[in-house]
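Have a look below at one chain only, the form predicted alone, in structure tokens format.
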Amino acid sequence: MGQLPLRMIELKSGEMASPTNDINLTAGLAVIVLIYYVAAGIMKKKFKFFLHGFSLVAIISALVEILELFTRPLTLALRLFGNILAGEILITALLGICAWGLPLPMMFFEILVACVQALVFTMLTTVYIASAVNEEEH
């Protein structure tokens, strides 16, 4: 939907653009991944998902993992949002410069970028959930 120049059409209730060019949708998707990631980790490992012991190294490791718990969904959301929005802004700018032919190769490239971003989001989600349920070897 972001490849069509519908963004140039002004509506009373907003604009017609790609849903993932809104940070709220990508943040919502990332929060769903976070909830599932934590729930799967707790169901598999119980409270060992958060605690690794009571030594100084284990406490520092737990603090780093808590920080990582919040940065993972943030990076998922910002990566998807930024790439889709940048592509739509670029296509809109190219349409403003020269509407005949110049944006067309970029539109095809942005379709490829959108597919790659969907793949990256899915693969990172899979890796995060797999690391949450994977048993550590001692």
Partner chain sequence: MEEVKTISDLAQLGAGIAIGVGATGAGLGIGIATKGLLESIARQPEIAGKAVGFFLVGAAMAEACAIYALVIALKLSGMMG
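Owing to the predicted nature of the structure, the values given are computational and were not obtained by experimental measurement. Positions refer to the first chain, counted from 1.
Form predicted together with the partner chain: not shown, discussed below.
Taking a 4.5 Å heavy atom cutoff to the partner chain in the predicted bound form, the contact residue among V38, M106, A27, A86 is A86. The partner chain is not shown here, and in the predicted bound form it never comes within 4.5 Å of any heavy atom of A130.
Not displayed here, the partner chain is kept clear of S61 by more than 4.5 Å at the level of heavy atoms in the predicted bound form. Using a 4.5 angstroms limit between non-hydrogen atoms, T125 is distant from the partner chain in the predicted bound form. Looking at S18, you'd find every heavy atom of it more than 4.5 angstroms from the partner chain in the predicted bound form. Proximity to the partner chain in the predicted bound form, taken as heavy atoms within 4.5 Å, picks out 78-86 from the listed stretches 27-35, 78-86, 62-70, 95-103. The partner is not shown here, but in the predicted bound form the stretch 94-117 reaches within 4.5 angstroms of the partner chain through a heavy atom at V116, Q117.
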